[in-house]
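What follows is a single chain, given as structure tokens, in the form predicted alone.
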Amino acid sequence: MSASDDLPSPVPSLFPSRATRERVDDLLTRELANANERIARGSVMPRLDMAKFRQELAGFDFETPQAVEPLLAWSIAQLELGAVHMTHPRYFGLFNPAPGAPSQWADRIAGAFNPQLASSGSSPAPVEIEAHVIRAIAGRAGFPAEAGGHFTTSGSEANYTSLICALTRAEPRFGADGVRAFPGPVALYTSRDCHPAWSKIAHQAGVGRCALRLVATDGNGRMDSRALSEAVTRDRRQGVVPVLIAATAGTTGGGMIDPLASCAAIARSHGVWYHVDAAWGGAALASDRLRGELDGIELADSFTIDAHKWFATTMGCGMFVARHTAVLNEAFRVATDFMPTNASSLDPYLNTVQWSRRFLGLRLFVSLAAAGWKGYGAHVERAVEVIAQVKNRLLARGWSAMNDSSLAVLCVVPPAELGEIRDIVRNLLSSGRAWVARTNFEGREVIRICATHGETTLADVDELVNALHAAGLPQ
């Protein structure tokens, strides 16, 4: 036992004075804003000298404490040089946009309070805020008032949750005995253009990757509902147990929407769980003009939306929304006496994959409250208009569009005189002028262009088009 009644002072480098915190916070705010402006003027691509970086990194042996101001400056510099800039207005890449300001502010608040969202007993306000946002999203999709769900770290976690729910509802003994409880091997069905994470989901759920049936598309990037019906029927005849049909609303490659209502009818006729992976395209729910593109989502048992995609929050803000909350409760039930609880609320640790949880939903709550559905609808519609402008300019230069997505993804092929797609994409990325992806759409190699940044201008569109065309010319 210590001879003194005094405690040692807090470690000042971890818990500095208020004056120090305010000084560093202000410095960080200014420097991040400056970095964002430099990024917009510079290359989309990394420009890092890896040898120099590794040498500097090795100097951090964690034996000698570092002054925090230069440490933060160094960290900002490495991110400026060492990452593809998804916050660049000419990043026309994957579904990871520049986050809106309200989301960043909310993330800062969540980090400062750092509530543990496993239990409504310890975090009643944060848990209720998240539940309120989930109910709003569910209502926008046409789900009943009793629908619920939760925030997730990603769309993959949310889609995984749908499979666990499907297995739980299909066989009451699944929770205790796993897939051994089923009379035969189980199967889940999704489009061959689905997100590849579904194969990992089948693996981690214990049903095996061979349980995943990749259904043919209709020649236009959408799941063929007739092929789906035939696959399910054929499996049943062979003793396979279908448990889940997952349609996609906004495929990664082409931005296509599967026939949601037809898939729902097939799922209902076979008594299987119907899920819609709307991780990106689900944001179209915010637009009165585009909402009809998602007709049929209201028939689902569950759906996924990633707010960190088209809702433009910071990363790691997915959502799982379920029509049947009782299935969620059964799928993730657990008994413990050490968790503070509130019987009047749904405790997230009892109905999610996670236990310890960050306050993810504040980002979308603040953003939705600040912009409203009208503001978010305008944001989504603006992205569609950006792609329309890109398409018009490329077609005028002899390029061909290969998809007809109503959302903000364009797949194109260049005129023959511009050469191979892989060379065009490589040259474009090397230039740093813009970022696009090379992929396959309906068996053909294409260049994929997606509007991700909420502040992309027509000047950025022109720069992209000019850079793409130049990338195909002799270098």
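Worth saying up front: this structure is predicted, and the values here are computed from it rather than measured. Residue indices: 1-based, along the sequence shown.
What follows is about the form predicted in complex with a further copy of the same chain, which we do not show.
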Exercise. Looking at A261, A369, L395, A216, which is the one with a non-hydrogen atom within 4.5 Å of a further copy of the same chain in the predicted complex?
Worked result: A369
Exercise. Of the residues K200, R236, R268, R226, which one places a heavy atom within 4.5 Å of a further copy of the same chain in the predicted complex?
Worked result: K200
For this session: Give a yes or no for A176: in the predicted complex, does one of its heavy atoms lie within 4.5 Å of a heavy atom belonging to a further copy of the same chain?
Result: yes
Exercise. Does at least one non-hydrogen atom of S122 fall within 4.5 angstroms of a further copy of the same chain in the predicted complex?
Worked result: yes
Problem set entry | P97 within 4.5 Å of a further copy of the same chain in the predicted complex, heavy atoms | yes
Exercise. Using heavy atoms and a 4.5 Å limit, would one call S430 a contact residue for a further copy of the same chain in the predicted complex?
Worked result: no
Problem set entry | Interface segment, criterion being heavy atoms within 4.5 Å of a further copy of the same chain in the predicted complex, picked from 395-403, 270-278, 131-139, 227-235 | 131-139
Exercise. Does any residue in 310-335 get within 4.5 Å of a further copy of the same chain in the predicted complex, counting heavy atoms only, and if so which ones?
Worked result: A312, T313, T314, M315, G316, E330, A331, F332, R333, V334, A335
